[in-house]
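Starting off, we have a lone chain in the form predicted alone, written out as structure tokens.
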Amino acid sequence: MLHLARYALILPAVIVMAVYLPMLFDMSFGERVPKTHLFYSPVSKKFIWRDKLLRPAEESLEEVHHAQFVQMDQDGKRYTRQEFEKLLPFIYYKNMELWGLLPLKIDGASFDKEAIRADRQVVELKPKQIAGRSPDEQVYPLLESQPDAARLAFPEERFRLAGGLEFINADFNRPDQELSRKFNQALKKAGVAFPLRLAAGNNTILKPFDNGFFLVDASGAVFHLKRVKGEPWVVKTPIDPALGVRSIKVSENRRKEFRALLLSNDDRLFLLSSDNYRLTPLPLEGYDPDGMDFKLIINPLYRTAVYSDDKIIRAVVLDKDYRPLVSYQHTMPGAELTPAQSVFSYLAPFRIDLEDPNSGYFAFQLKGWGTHSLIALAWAAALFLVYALRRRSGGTGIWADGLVVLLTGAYGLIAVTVLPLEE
């Protein structure tokens, strides 16, 4: 019984150390390695990026900006910060104006400040933003889309999905049955099959206009809902229910080219057009929405789709009709261990993370280091052997301790020595 009680303490001790010792090590010696910023230059017609150097040599240091960062292109040529920004004039157009480089002359066309601003847009989709991958807000504000004021304002009511729409007065925290009845009747008249299973909108007033919510019903059909002068406005979109809508991210931009990003159940990503709800597929080879950040960068000449996991960043350049022109992929510095992480990988064979960066929920993730983990297990086992010989211990207890150390490395070694066998 004493042995069982001892191992009942050793096991949680190993788990706690595997969670918090790596965390303390990161806080003391770790360094954050940001993802690579990858772009397509309309000037050089090449992919260029900014990386953090994990082991910067003296000859690699940039003369401007931060010494740990480097700007370079797909051919390996390096640039100063100013040279880099001149290759991306649509992004850094304000600097172009300060440097007297406006209007821009590219491919026989001229672009002044107003033209650039009118045709710039960035829309993103991160794994955490996909429906079901983070705790939902549960209640949503249906804004007035045609307000009698210069700015959008939050209404008194919020709605939630309860089969249909259930409106709740936020001031008094009680259901508004009349408003719920009016909107559900409008949805039913438009052909909604209850219960509703998804509501997607942009829940902020910090936007140029309100485009309402997209609702997905029990059959998979997609409906567009807005509040116009206090009344429900509903359109059944022509999106085929067989497509299988997994998630929708609404985008309200002054360009008004598209209304949203739509993710299907087979992990394809589409743009939902503003004119007639057409779906434009984005050609994203190898895209995994559950593990990749996605960004669409729009400028007056090109659209660049950039998507990345923890190791590889990919980009495909599209024309204005979203046909692919050229693509590229780059291995990011974060794909390899930093010097501090490399040291730790020889000290401990694994770590346990309780947070998944691609999800908003609790996650229990065991991460190892490959051959480094084997080395960490080997030196811990060797130290334990020396410890056992000095104690001149024997029996099943010492063999069980050895197995613990062989499987858990330094964590188990610390646990079995702090909680030693009874003589």
Partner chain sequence: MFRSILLKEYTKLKAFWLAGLALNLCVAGYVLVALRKLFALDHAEVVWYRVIHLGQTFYDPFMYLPVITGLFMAVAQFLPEMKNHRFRISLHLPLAPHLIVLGHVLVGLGAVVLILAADLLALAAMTSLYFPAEVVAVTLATALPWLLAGLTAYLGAALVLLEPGWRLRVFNLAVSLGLTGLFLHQGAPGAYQRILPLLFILVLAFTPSVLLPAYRFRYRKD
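Remember, predicted model here, so these are calculated numbers, not experimental data. Positions refer to the first chain, counted from 1.
This protein has a second form, the form predicted in complex with the partner chain, left out of what is shown; the following refers to that one.
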So which of Val43, Ala363, Val386, Leu374 reaches within 4.5 angstroms of the partner chain in the predicted complex, heavy atom to heavy atom? Ala363
Tell me, out of Glu137, Asp112, Asp319, Glu124, which residue has a non-hydrogen atom within 4.5 angstroms of the partner chain in the predicted complex. Glu137
Quick check: do Pro155, Arg158 and Ile168 each get a heavy atom within 4.5 Å of the partner chain in the predicted complex? yes
Although the partner isn't part of this model, could you tell me whether Tyr20 comes within 4.5 Å of the partner chain in the predicted complex, counting any heavy atom of the residue? yes
Heavy atom to heavy atom, is Ala400 within 4.5 Å of the partner chain in the predicted complex? no
Is Leu24 one of the residues lying within 4.5 Å of the partner chain in the predicted complex, judged by heavy atom distances? no
Contact flag, Ala415 vs the partner chain in the predicted complex, heavy atom cut 4.5 Å: yes
Which of 250 to 258, 301 to 309, 168 to 176, 75 to 83 has heavy atoms within 4.5 Å of the partner chain in the predicted complex? 168 to 176
In sequence order, the residues of 203 to 225 that place a heavy atom within 4.5 Å of the partner chain in the predicted complex are Asn203, Thr204
